[in-house]
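First, one chain by itself: the form predicted alone, in structure tokens.
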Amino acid sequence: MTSVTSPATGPAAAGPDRTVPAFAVITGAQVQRALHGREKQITELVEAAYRLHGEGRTVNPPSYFLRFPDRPASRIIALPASVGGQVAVDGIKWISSFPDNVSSGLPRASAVLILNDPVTGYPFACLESSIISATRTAASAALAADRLTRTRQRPRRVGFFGTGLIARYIHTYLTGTGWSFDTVGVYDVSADSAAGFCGYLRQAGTPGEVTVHDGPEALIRSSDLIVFATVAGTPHVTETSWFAHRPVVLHVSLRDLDPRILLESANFVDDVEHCLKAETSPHLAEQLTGGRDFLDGTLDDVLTGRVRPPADRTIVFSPFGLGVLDLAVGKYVHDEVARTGELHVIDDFFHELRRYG
């Protein structure tokens, strides 16, 4: 007979008498409480997910883009994935990007994450996921910043090109994993966004001098670690000379840099096949050269020691953003909320549980 597990027992265990997991809804407030102040722990969790991916113990098919002819700037993306190992969960993130929201004071992105039981396939949780998405992006960036700078003097000057929610999370994760900076540079095409980010920096008690730059050149030249977190759809930074001081670049928004800048740099990605598509800067570099020789490796190559980042070249990390990271963080949040006894279980969510009525 089919039965439903209690919230505390989680997904169904394998066996002939399979059970249907309880279905829970986890709010953004609960997600934030579960993740708050755990930057080191979540960064380690993201590193473990990258290692599982590198070992072939994940499934991460291409993202699917829903676009709108009447709203060309907007899109909704589906990221299905599966993670093995101790995470052991399947699922999908459904994330929208509507840039026009910003002018109304709303965040650009909103998202939900569905977690599926790998034994029965039944979904057992729906989580607010804009926080999870920003968290896994920030943890990935902090991890890359640490591992890609171990062959050189640790950067003391950071610059943020784009100052929205993702930039705020990346700064939080950098400082939460042990980074401190003598100077923090800020540039955004929106003066209001730059001012808002500076307000966050003051509220966070950020040490060091904070400088708002009038243009991108000054920001880039004065920063040894540069974070690109914009909504750019095409490359807008074209001057290779701006990078003559050989900084480390966290190219989180993927489409800021002219491909010629990448061709003069050491390039690392999170996943080659995912990153070299959809007109990203690495994809444009591949089209320009007709090959992938400009890539030096993946972040997993660096984590495992297969590739050593150079100390004498600009380094560009271009992460496409893998659904397996969302699942790893989302499963952690689910288990943490369940541990505290605060799961909001939807009784009788699954109704037709007898095959013949």
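Given the structure is predicted, the values throughout are model-derived calculations rather than measurements. Just count from 1 along the sequence shown to find any residue number.
Below, we refer to the form predicted in complex with a small molecule, which is not included among the displayed structures.
Across the proposed site, 190, 230 and 321 without exception bring a heavy atom within 4.5 Å of the small molecule in the model of the complex. Among the residues 163, 281, 129, 223, the one placing a heavy atom within 4.5 Å of the small molecule in the model of the complex is 163. Checked against the small molecule in the model of the complex, the candidates 88, 218, 102, 114 yield a single residue with a heavy atom inside 4.5 Å, and that residue is 102. Mapping the unseen interface onto this chain, residue 136 counts among the residues with a heavy atom inside 4.5 Å of the small molecule in the model of the complex.
Within this chain, residue 172 is remote from the site of the small molecule in the model of the complex, having no heavy atom within 4.5 Å. When the small molecule is considered in the model of the complex, residue 254 lines it closely, a heavy atom lying within 4.5 Å. Contact check for residue 154: no non-hydrogen atom falls within 4.5 Å of the small molecule in the model of the complex.
Partner contacts here mean any heavy atom within 4.5 Å of the small molecule in the model of the complex, and among 114 to 122, 258 to 266, 282 to 290, 180 to 188 they occur only in 180 to 188.
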